[in-house]
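The form predicted alone is given below as one chain in structure tokens.
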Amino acid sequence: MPEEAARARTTYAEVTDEDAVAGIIATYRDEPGNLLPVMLDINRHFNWLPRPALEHISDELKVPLTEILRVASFYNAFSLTPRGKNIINVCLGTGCFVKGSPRLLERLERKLGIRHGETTEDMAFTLEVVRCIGCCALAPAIRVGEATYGRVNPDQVSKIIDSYIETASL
């Protein structure tokens, strides 16, 4: 039966992707409440939740795909569309907003050539708007991946992004 389910799944983009997902599922298989940890690790691995991975979870954990999609669409930590290597979060919470984060967003959109909610063609950056990144005292703030930048002014945006472009080309 597992072979039939695997054949019925949508094809993974890379041959190794199925092995990666199988390993993640195996890590949490016997733990109660394993759906969220599995989904988080898969999201971390791919930077989004590919359909074949969701189908794989459904097959292996015997959770209906509709339930997995409900969870995936409820939490903003998950993405159902491909995202760039570097996720840029621009805080538009009250503190950041009044201190100028809309200007940061505008500068980022110009620098990257995309609007918020979009990903650059080279899959290097995804630009997202969030309501809070938890550092109101450093407003206005942005986060690139795990790095948080506080008291950012629009003139610093280009330098911040360029540092990620330079790192990628090394």
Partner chain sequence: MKIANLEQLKEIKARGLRLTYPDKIKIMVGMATCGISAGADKVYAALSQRIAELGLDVVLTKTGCIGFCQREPLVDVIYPKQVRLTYQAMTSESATALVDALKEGRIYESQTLCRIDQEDFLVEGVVRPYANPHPPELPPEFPRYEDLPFFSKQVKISLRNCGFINPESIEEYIARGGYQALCKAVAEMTPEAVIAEVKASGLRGRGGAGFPTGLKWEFCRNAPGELKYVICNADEGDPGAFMDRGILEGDPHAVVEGMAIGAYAMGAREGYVYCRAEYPLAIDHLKTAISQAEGLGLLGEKIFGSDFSFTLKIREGAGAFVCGEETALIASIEGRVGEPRPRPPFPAQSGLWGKPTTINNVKTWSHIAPIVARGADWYASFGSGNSKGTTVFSLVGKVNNSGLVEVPLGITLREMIYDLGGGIIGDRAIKAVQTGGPSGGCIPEEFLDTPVDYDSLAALGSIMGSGGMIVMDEKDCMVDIAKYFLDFTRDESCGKCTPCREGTLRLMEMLEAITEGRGQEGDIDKLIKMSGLIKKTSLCGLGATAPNPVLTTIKYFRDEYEAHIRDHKCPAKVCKPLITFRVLEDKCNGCQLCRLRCPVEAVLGTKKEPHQIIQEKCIKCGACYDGCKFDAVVVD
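All figures in this text were calculated on a predicted structure; none of them were measured in a lab. Residue numbers count along the first chain shown, from 1. Each form is matched to the other, and the largest set of C-alpha atoms that superpose within 1.5 Å is called the rigid core.
Although not depicted, the form predicted in complex with its partner chain is the subject of the following passage.
Highlighted residues Pro64, Lys85 and Ala124: none comes within 4.5 Å of its partner chain in the predicted bound form, counting any heavy atom. Of the residues given (Leu54, Ile42, Ile133, Leu108), Ile133 alone sits with a heavy atom within 4.5 Å of its partner chain in the predicted bound form. Not displayed here, its partner chain is approached by Thr148 to within 4.5 Å at the level of heavy atoms in the predicted bound form. Remark: Ser79 does not count among the residues lining its partner chain in the predicted bound form, judged by a heavy atom distance of 4.5 Å or less. The closest heavy atom approach of Gly33 to its partner chain in the predicted bound form falls within 4.5 Å. In the predicted bound form, Leu138 approaches its partner chain with a heavy atom inside 4.5 Å. Although its partner chain is not shown here, in the predicted bound form the stretch 69 to 104 places heavy atoms of Arg70, Val71, Phe74, Tyr75, Asn76, Ala77, Phe78, Leu92, Gly93, Thr94, Gly95, Phe97, Val98, Lys99, Arg103 within 4.5 Å of it, in sequence order. Taking 2 Å as the criterion, Thr27 counts as shifted between this form and the one not shown: its C-alpha moves by at least this amount when the rigid core is aligned.
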